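Taking the form predicted on its own, here's one chain by itself in structure tokens.
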Amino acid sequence: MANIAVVGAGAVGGYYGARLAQAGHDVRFLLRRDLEAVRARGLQVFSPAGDFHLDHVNAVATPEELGTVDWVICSLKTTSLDAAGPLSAPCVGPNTRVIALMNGLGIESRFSQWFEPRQVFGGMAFVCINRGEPGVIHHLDYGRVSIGHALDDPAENELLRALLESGNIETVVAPNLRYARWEKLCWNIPFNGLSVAGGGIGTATILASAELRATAERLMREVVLAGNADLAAAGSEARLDAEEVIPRMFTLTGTMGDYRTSMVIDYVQGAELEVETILGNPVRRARELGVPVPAIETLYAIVANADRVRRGLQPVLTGADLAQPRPVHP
């Protein structure tokens, strides 16, 4: 059994960490909001795969309390990406492996600045999941994790796959890590982005609107174009197939009900959005490659501004502003 530290034990980190703890691994959770509740009452997971409760959870308040471990699962929001290195470092020894279980592009390059690239993995969770009251996680559907090693070492990927599958977690080894990142962006960019650009809507609203659905498809096609250009630039032979990926993304989304994306939850709650890693970094990479992505660029501009407005960083017009006399120009 492995020693595992979960850094950023929100819905995603808490769920996968709980699955591994249920399997008998020594899992240690770095918690903030839920710390006292988990210490007092344990961790409850409601899941279509079977509800379960962890009575005794090793929950700590500081990374130093985690100790050196075999594996670190870092599932912070990428709005806290700068903190990921310092929070993970106290757990990392020369033989520790670090999984960046985060959304977006440009994640592993940051972790490879803090740790040896041979120690770094990426993970993309295809899962419908929300946090409930402190100490409660609602797993709604799916749960597959697509993984890749920073150096695309097959032997390393097999080690991570074995670990995750020991916790009854469906695991897919992607052709390479770059491929896995772009494949997840085929969902994250349209559905996270449009849920905010639409004013705070769920996935069912996007699917039910002919205009929004068509926009989502345009966004996916641009993600495929940029992703394949990035794969080619890296010398990879792997390619995303738009005619396979796009129908699959729509089919999966159609089974979710009116799912609330992580970005729309943050938007409604006034929290900072993961706009740069999910939208900004792909736009910048596409520009470097000379690939036009006008729909993604437009969505990025809208969502980035909506984020600033929602957090009170961008002034907006009020009723009082509109009541003021307007200047008359000859």
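Numbering starts at 1 and runs along the sequence shown. Computed from a prediction, not measured in an experiment: that's the story for all the values here.
Below, we turn to the form predicted in complex with a further copy of the same chain, even though it does not appear here.
Shown alone here, residue 25 lies farther than 4.5 Å from a further copy of the same chain in the predicted complex, counting heavy atoms only. Using a 4.5 angstroms limit between non-hydrogen atoms, residue 64 is distant from a further copy of the same chain in the predicted complex. For the chain shown alone, residue 287 is a contact residue for a further copy of the same chain in the predicted complex, at least one non-hydrogen atom being within 4.5 angstroms. a further copy of the same chain in the predicted complex comes within 4.5 Å of a heavy atom belonging to residue 139. Note that among 99-107, 201-209, 169-177, 149-157, the stretch whose heavy atoms approach a further copy of the same chain to within 4.5 Å in the predicted complex is 201-209. Taking the partner from elsewhere, no residue among 232, 235 and 254 has a non-hydrogen atom within 4.5 angstroms of a further copy of the same chain in the predicted complex.
Contact with a further copy of the same chain in the predicted complex, defined as a heavy atom within 4.5 Å, holds for exactly one of 84, 194, 91, 163, namely 194. The partner is absent here; in the predicted complex, the one residue of 38, 299, 278, 69 having a heavy atom within 4.5 Å of a further copy of the same chain is 299. Residues of 295-320 that come within 4.5 Å of a further copy of the same chain in the predicted complex, judged by any heavy atom, are 295, 297, 298, 299, 300, 301, 302, 305, 308, 309, 314, 315, 316, 317, 318, 319 in sequence order.
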